[in-house]
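The data below hold one chain only, encoded as structure tokens and taken in the form predicted alone.
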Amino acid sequence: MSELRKRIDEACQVISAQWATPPAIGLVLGTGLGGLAEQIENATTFAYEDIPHFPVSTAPSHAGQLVCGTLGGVPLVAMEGRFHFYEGYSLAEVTFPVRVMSSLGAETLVLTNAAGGMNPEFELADVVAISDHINLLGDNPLRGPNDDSLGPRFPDMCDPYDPALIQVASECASELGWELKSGVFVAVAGPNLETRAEYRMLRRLGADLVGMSTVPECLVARHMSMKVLGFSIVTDMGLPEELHPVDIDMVLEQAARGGQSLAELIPRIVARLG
């Protein structure tokens, strides 16, 4: 048994001792999106520091707790706040909770984040389904010895974000009366936002959205054969010719606006999947 597998098992044992129901879905709530956790019923909550080998979230608006319960009758486990490379954690530490959620039984992972929009067709507070991604973090959570019991050495990434799940999400958005946009997400290390020249470069690479998370979690989820659905909320616009200073309060304001839409959309998707 690898050291990683031992750490995963120790975390799972602590969680399962208080919440024994295998989750169908894992949910990662990004910046400003913790309010969705309030909809989880019959909840058992764990502070990250109480779970063996979990890092502690230091990002603004991230509550730093794992919420286990049901949403629309479907058992799930939700991270109310995530970890980031820029906080000083390794990508193995950043993605450790995803391995725990998979080992608890979750077969689907729903990822959310706040992101800069580089597609001029996007507007502030838009909810965008992630169709594909580009990893510019300069690292990979799968680097190092591979535990074959967790996943293959060379996982395929033909469809990192499941097309069938994106279709379900699009249909659910239509039922709510709005159109779900889609785009390519690029992950960068942060914590600074991008320069005009960097936004131009990223756009030319084919990216529509830029952020500092999500890609590592997707890589580990796919390594463990989880299906992945990802959403970005556009919290600022990275249009080089119209660029203006952005602060965290502005980001949180737009994340809260878009979060209201996601708070309606995700329960509907979960019900469909359940």
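Being a predicted model, the structure only gives us computed values, none of them experimental. Don't overthink the numbering: it's just position in the shown sequence, from 1.
One more form of this protein should be noted, the form predicted in complex with a small molecule, which is absent from this view; the next part is about it.
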Check your understanding: Should A115 be counted as a contact of the small molecule in the predicted complex, where contact means heavy atoms within 4.5 Å?
Key -> yes
Review point. Would L150 show up as a contact with the small molecule in the predicted complex if we use heavy atoms at 4.5 Å?
Key: no
Check your understanding: Even though the small molecule is not shown here, does E93 get within 4.5 Å of it in the predicted complex, heavy atoms only?
Key -> no
Review point. Given that the partner is absent here, does L137 sit within 4.5 Å of the small molecule in the predicted complex, heavy atoms only?
Key: no
Point to revise | Option from 74-82, 150-158, 102-110, 191-199 whose residues, in the predicted complex, bring a heavy atom within 4.5 Å of the small molecule | key: 191-199
Revision key, fill the gap. Answer key: of G211, P216, G32, G26, within 4.5 Å of the small molecule in the predicted complex (heavy atoms) is G211
